[in-house]
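Let's start with one chain on its own, the form predicted alone, as structure tokens.
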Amino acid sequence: MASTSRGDALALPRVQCPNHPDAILVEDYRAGDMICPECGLVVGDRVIDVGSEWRTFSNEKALKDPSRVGDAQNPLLNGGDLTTMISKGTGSASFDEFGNSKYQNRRTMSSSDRAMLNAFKEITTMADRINLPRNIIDRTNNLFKQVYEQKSLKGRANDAIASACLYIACRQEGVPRTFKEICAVSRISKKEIGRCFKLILKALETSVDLITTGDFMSRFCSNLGLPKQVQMAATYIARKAVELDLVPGRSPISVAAAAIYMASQASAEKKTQKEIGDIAGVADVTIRQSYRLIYPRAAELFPTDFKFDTPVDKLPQL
């Protein structure tokens, strides 16, 4: 006979031995019993085995682990994705007399779930291409589900909505990506992603933080193979240029590219405008225009501890 501990009525009852309430019960999975080690009393006889359905041998673990059956529940789909996915048949018994498959997944999944599932796969594919972590994928999936259920962007392609949601999720998680980076991993134009971006912000009544030069600096410098000193100098130059209001109306990406160009030209690790433009996704002429705005006050922009390989007065004037 089992007794339960007294306490809050909402708390789950704790199974314990009535004679030895402090004893740690022993679970016998073979018999499905919970036994008191002090007196041997069976205090529970309906134990559910949460172990593997079958054995997994050591040489198979590297390939697959059949310890559980089926995928995890997906709370983003209606019904928690508790559906049966029927694979395509290969034998004659799988097809009728006209050659049509007898068993189809369309009978077990609604059109809305099917559309969302395809969008989630596309989001995961795009995120994997630019090495985004799982938390951004989850946020993107949630944003897409909200937009899809509101039907506020009816008529827009799901791929375009998914791309815009990925852009918003990156901004909200503090790891922004440029429109060109999102466009490069999707099949949607930059213009269409921008339109969906504005419509989603309006539909969900949400907002994103303004991007700054520092959001892209470490990634751009890392992709260019620049040392830490040049990265810190470029970050300082870009921040100082914004504080002195030397680049009014310029996008943070173009200012960051110009700052990287100036810092690299002053160091031993020199990079061309084309190399920086390919990484930052901006044109050479855009870098030159921003560089010309900050060049006249270059001496004020460098940090005091920067080690010059090329003096300020010898920097390219463009």
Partner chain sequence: MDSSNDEALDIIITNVVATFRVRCHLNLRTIALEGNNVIYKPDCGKVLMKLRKPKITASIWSSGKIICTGATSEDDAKLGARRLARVLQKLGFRVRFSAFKVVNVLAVCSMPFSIALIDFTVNNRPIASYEPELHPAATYRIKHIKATVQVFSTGSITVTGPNVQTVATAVEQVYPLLFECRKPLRK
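Numbering follows the first chain given and starts at 1. No experiment lies behind these values; they were computed from the predicted model shown.
Separately, the form predicted together with the partner chain exists; it is not shown, and the next lines address it.
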R171: touches the partner chain in the model of the complex, heavy atom cutoff 4.5 angstroms: yes
Since only the chain is shown here, I'm wondering whether K198 would be in contact with the partner chain in the model of the complex (any heavy atom pair within 4.5 Å). yes
Answer yes if any heavy atom of P252 is within 4.5 Å of a heavy atom of the partner chain in the model of the complex; otherwise answer no. yes
Answer with yes or no whether L244 is in contact with the partner chain in the model of the complex, where contact means some heavy atom within 4.5 Å. yes
Interface residue in the model of the complex among N158, T178, T124, Q231, criterion: non-hydrogen atom within 4.5 angstroms of the partner chain: T178
Which of these residues, N135, S207, S94, Q150, gets a heavy atom within 4.5 Å of the partner chain in the model of the complex? S207
The partner chain isn't shown here, but in the model of the complex, which of 135 to 143, 232 to 240, 113 to 121, 186 to 194 has heavy atoms within 4.5 Å of it? 186 to 194
G225, Y261 and A299 each touching the partner chain in the model of the complex (heavy atom, 4.5 Å): no
